[in-house]
Each structure stands twice: as structure tokens, then as C-alpha cells.
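In C-alpha cells, one chain follows: the form predicted on its own.
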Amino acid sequence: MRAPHTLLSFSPSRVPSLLRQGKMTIAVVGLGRIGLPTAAILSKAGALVLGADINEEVVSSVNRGRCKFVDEPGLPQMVRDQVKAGRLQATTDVRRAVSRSDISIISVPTPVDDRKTPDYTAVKAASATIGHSLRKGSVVVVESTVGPGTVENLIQPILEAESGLKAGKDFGLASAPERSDPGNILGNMATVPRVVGATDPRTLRIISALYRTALGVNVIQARNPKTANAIKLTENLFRDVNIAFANEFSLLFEKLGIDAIEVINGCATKYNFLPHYPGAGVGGPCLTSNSYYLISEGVRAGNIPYLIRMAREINDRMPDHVVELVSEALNEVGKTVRGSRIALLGVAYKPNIKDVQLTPAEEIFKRITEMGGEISIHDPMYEGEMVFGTKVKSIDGAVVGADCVIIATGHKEFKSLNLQILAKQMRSRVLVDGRNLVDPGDAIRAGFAYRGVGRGR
């Protein structure tokens, strides 16, 4: 392979031609749900992409042209095409990939631990490995979601210590946090403007040109990496706080005998109201953790964001509320959770994707089990597989003979449930709708003891 050139020696205006002519090598460190699509898109744009991951199984799968994210439209085919064309290669040798690359992109997980503190273990490890092999004149881009200041105060010192180089002088350092929605990642990457912040103006222009060319989107140039990450966190916290608001007043409206969905839909007719809806809880690796990145930074700065912290607590409590509705509805037909057969429909944390990271369905499953309920699971994305230590059944296998059905995920298949058939299959007719997919009137007419989040009786 050719000796890699020094990216920072080129004018930013050269980036599009370097990319399209295949004269740019990019290492993507972390081939997960964001890293693999990023690698595939950049290779399709013309770069030689070296996808690096410590998981040998992931690397082997990618090198065979396979993609486990079958719920991402277009991604399996794109990965297959780019591997076949030789523009996308995977390796477990992160150092070698970085040493051959003009740009190294960090796309590793940033979860929170049991104490609700950001766990940057993977980011620190990736930064140390990249720093060890970092070439003068190359650029490091952080796509992983991190708290404001983490790039400058954690990642930059590691890179400089390991490489002996100086950010902004010997190598470029930028933050370009992903803004994609699982289940539509390729579509989002091709339409949603990218936010980029860098430690120096030259790197900012170069990386802006890269994303503008490769993704075909507008680029929002932030003042610095911490501002770029603040933008990413704020847009997600806006959703989390508003969902918590919907959950909060929905619990009140249940007690007052008011249908919260009717209220929200009525409010949505006013020009300045943005509707958010209540549900069984918020899951996934983003909304459940992004709050804690900002809370941690706030604690360090001596300014705790109380509203954000309370919103997270409200959303975390919603699975417990669903279990309360289950108990209440079972009592209506003379049963308790203990000894009842309960069918849990949906385990994925969001509709139509195969991902159970921090899913609220797991908390519902645990609580029902602890209370002595006999629980069966159905999820069309996981049928026949093991989830939460139990085998996922067909929908008939889960609901036949059940006393209660809980809808925990808004999969499209559950929007068209035939309630008349469902009622005939069950031993007792109890339906708890954690995602408000079922019309309450239809459920009651089918003979169900019905409960829905925010649906006042």
C-alpha cells in the first residue's frame, strides 16, 4: 500500500478530490451500530476504510461482507458491496489501522455505570491505542457521544501523552457527534446536518469538508469540541425532558379520569406546542445516558441541572407504573400477578429495531417475575432467540392461555392486533397497553379489562 500522505499539509479544498479519487485512508475504531454505517458510507464515498474492533467475531463477520444490523435499511447491502469492492476492510489490529490512516474516527460505546456516572473506559482505551500509533499531520475525530469538555480534558491529554504530539499543531482533533436514529441510520446520515467542532480552525475546515462531501449534508461548525457535544446532548435532553413531562401529567390525568392522549392531541393543534407522548419508559444507549454526561459536568462545575435529573428519574419509574397497571387490571378480573400467566409483547427498546440496550421491557419482566407471575415473551425481531434468559415465542405461543397481555414496544405488528381473536386465545381478558397502540374503546368492547399509560378510565 502507498505511504500515507499528511492530511494537514493539504488545503481543505483538496479534501473532496482526495476522497473521491481514493487517496484518503480512514480508520474507524469501533464497528457497532454507528461505527459500521460510518465506515460503509465513507468507503462508498471513495475512502479506503479500515474498520477496527477488538471483537474478533465482528471483524470476521465484516470481512465476509456480513452485517448483523438487519434492522438498518440498506446497510447490509452497502457493507457487502464495499467489502467486495475492497474499500472496506476490518481488523483487530487497531494500532496498524491508525498508523496507515489520515483520519482516525472514535466510535466506541460510552455507557453509564450503576452509579449513573459516565463510563469512558472504551473511549480512554481507544484514545490510548490511537495515540500510540498517531502520525504527525493526521486527524482524530470523536464521534462517540461524550460530555462537554471530555474531548479537551480527557481525550486530548491521552492522545498527546501517548503520541508525543501536540493537538492543533502536530495533529488535528475534532468532535463530530453522531445524530442518527437507530432503525434509520443511513437515512439520517444522508439528511441530518452534521455538527463539527475542532481544537483549531484548519482541522475544523478539513473535517467539515469530509462530512459535507461524504454524507452530502450541511455542516454546522461549532466553536470547539465541547460546544459540538453540548449541541448533541441538548437535542437529546430536550426529548427526554419533554417525554418526562408527558409521563408526569399522564399519571395525574389517569387519577383524574382524563385521557392524556386526547389532551396532547388537542394541544398539538396550537402552533407552539410540540407533542410528546407517555409510555412504558425510555430505553436505548442514548436518552438513558446522555442526561448523566451533562449532570456529571454540572456537578464538576458546581451547577447541578435539577430538571434534567428529575426528568430522568420520572422516565426510569415508568416500567414500575406499567406493572402497577397490570396488578390493577388483574385485580379487576379477580386475579393477582402471582400465579397469572402474562404475555409481554415487545422487548426491543424502540419500535422496529433489534436492540434491547437498557430497554424498559427488562424492568417490567423482572418485576413481574419477582411478583410471582409466569411470563412469556414475544418480539418479532427476536423470535426463537434467548432474551432475559428465556426463549422468545411466537405471538400465539405467548398469548394462548394468558391472563394478561402487556404491550411494551410499539412494533408495527402490534398496531394491527385483532382484539377479538386475542380475547378468544386468552384465559382471562386483561390488556395493558404501555405504548398506546390500542384504542381503549375497542379493547373494552372486546371484553378486556383495559389499562393504558395516561388513559384515564
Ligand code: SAJ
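The first residue of the shown sequence is 1; numbering continues from there. From a predicted model like this one, the values you see are computed outputs, not experimental measurements.
Below, we refer to the form predicted together with the named molecule, which is not included among the displayed structures.
Novice: Does the named molecule get within 4.5 angstroms of any non-hydrogen atom of G131 in the predicted complex?
Specialist: Residue-level check for G131: no, no contact with the named molecule.
Novice: Can you tell me if A176 lies within 4.5 angstroms of the named molecule in the predicted complex, counting non-hydrogen atoms only?
Specialist: No.
Novice: Within a 4.5 Å heavy atom cut-off, is G283 in contact with the named molecule in the predicted complex?
Specialist: Output for G283 is yes: heavy atoms within 4.5 Å of the named molecule.
Novice: Is L215 close enough to touch the named molecule in the predicted complex, meaning at least one heavy atom pair within 4.5 Å?
Specialist: No.
Novice: Give a yes or no on whether every one of K232, K350 and R435 sits within 4.5 angstroms of the named molecule in the predicted complex by heavy atom.
Specialist: Yes, each of K232, K350 and R435 comes within 4.5 Å of the named molecule in the predicted complex.
Novice: So the named molecule isn't shown here. In the predicted complex, which residue out of R95, R80, R239, K366 has a non-hydrogen atom within 4.5 Å of it?
Specialist: Here the answer is residue option R239.
Novice: Would you mind picking the one in I314, I243, L325, A167 that has a heavy atom within 4.5 Å of the named molecule in the predicted complex?
Specialist: Partner contact (heavy atom, 4.5 Å) among the options: I243.
Novice: Within 4.5 angstroms, counting heavy atoms, which one of the listed stretches 99-107, 273-281, 153-161, 369-377 is next to the named molecule in the predicted complex?
Specialist: It is the stretch 273-281.
Novice: What residues in 170-203 sit within 4.5 Å of the named molecule in the predicted complex, counting heavy atoms only?
Specialist: E178, R179, S180, D181, P182 sit within 4.5 Å of the partner.
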